[in-house]
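First, one chain by itself: the form predicted on its own, in structure tokens.
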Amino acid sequence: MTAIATIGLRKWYRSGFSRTRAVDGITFRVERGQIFGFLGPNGSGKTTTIGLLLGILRPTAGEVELLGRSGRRGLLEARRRTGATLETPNFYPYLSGERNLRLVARVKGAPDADVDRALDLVGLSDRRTDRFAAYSLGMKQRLALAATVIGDPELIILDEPANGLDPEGMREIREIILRLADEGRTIFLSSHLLAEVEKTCTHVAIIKKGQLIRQGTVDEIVETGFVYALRADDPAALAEAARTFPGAREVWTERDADADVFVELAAREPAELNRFLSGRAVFVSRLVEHRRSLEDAFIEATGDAAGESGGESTGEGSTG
């Protein structure tokens, strides 16, 4: 069953004679039970899309369905069954974590028991009476997740939940997300921390300049065929010989690869490649199957390693 569906979703802004295409005809589906990573360079439209899903922004065109509901009344009902947190937690700094959550429960019409369960889920029960201002960044992010689950939502939408955290803090957030998914909730996660997304998510979509360019399971997105990393005393001779192997599709080296030579083959035949190289007096000391990371696939799909922002010089730009 579908948790989120968008059909030709658009959000354009006008400024004078210019038109900014924040979201430009996005269509995707998130099935119930998935942990869905929503990825894109800076300015690609991720936050704008989340605003459209949550009803914070009104679309220029297209449709949104949440939990099988559409239309004004249907989406209003579905959003009551949706929990969300944006990048910057928004709490009263002079109130305790518990008191902040009780205010959230009152707004949502949820019982006080939800507060106790939420604090236990994120590991803050023993710090419940501390003022929010005294919390570390990781504790603030965990309290934001606690607020998200009050009201027992079926769908959870998270915008950069681990932003700015150290490795230990990122691990804590990851474990909470996985626990929520184990409870049967659907998680929609926007993040630029690609290594965390790869460890956490089951499915991903990649957008660029407001348009969807890739979508699938994490394995489908990073799949490269049969790629092997090889090492020999003379990397240049190894690369030259590998290029003449009949089954080689591509041969390349990477600057930080510690002299590895990468070979993509048309079929899984590393033994044949090794015999071929030995016959040309190139003796391999290391040959292992190589799997790209999600970061590699992301950079290949977007053509951008450091992210991008801003609009286009034609008067039609992208934002979000």
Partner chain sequence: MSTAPLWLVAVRNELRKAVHRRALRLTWAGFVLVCALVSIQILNAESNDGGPLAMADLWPSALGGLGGLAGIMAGVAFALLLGSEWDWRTGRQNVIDGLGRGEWFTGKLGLLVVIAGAFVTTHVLTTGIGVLVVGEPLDGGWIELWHVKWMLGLLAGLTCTLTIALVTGLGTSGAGAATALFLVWIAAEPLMSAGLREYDDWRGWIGEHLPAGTFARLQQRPTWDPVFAERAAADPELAARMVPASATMLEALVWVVILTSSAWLLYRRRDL
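Positions refer to the first chain, counted from 1. Everything numeric here is computed off the predicted structure, so don't read it as measured data. We call the rigid core the largest set of C-alpha positions that still match within 1.5 Å between the two forms.
Beyond what is shown, the protein has a form predicted together with the partner chain; the following relates to that form.
- Checking 287, 54, 259, 251 for any heavy atom within 4.5 Å of the partner chain in the predicted bound form turns up a single hit: 54.
- This chain is drawn without the partner chain; in the predicted bound form, the residue among 121, 95, 213, 178 with a heavy atom within 4.5 Å of it is 95.
- Contact here is defined as any heavy atom lying within 4.5 Å of the partner chain in the predicted bound form, and by that definition not a single one of 32, 113 and 117 is a contact residue.
- The partner chain is not shown here, and in the predicted bound form it never comes within 4.5 Å of any heavy atom of residue 71.
- Using a 4.5 angstroms limit between non-hydrogen atoms, residue 154 is distant from the partner chain in the predicted bound form.
- Residue contact with the partner chain in the predicted bound form: residue 203 places no heavy atom within 4.5 Å of it.
- Of the heavy atoms in residue 58, some are within 4.5 Å of the partner chain in the predicted bound form.
- Heavy atoms within 4.5 Å of the partner chain in the predicted bound form are found in exactly one of 230-238, 81-89, 243-251, 214-222, that being 81-89.
- Taking the partner chain as positioned in the predicted bound form, the residues of 96-125 that bring a heavy atom within 4.5 Å of it are, in sequence order, 99, 103, 104, 106, 107, 108, 109, 110, 111.
- For residue 93, the Cα coordinates differ by 2 angstroms or more between the shown form and the other one after the core has been superposed.
- Relative to the superposed core, residue 109 undergoes a C-alpha shift of no less than 2 Å between the shown form and the other one.
- For residue 174, the Cα coordinates differ by under 2 angstroms between the shown form and the other one after the core has been superposed.
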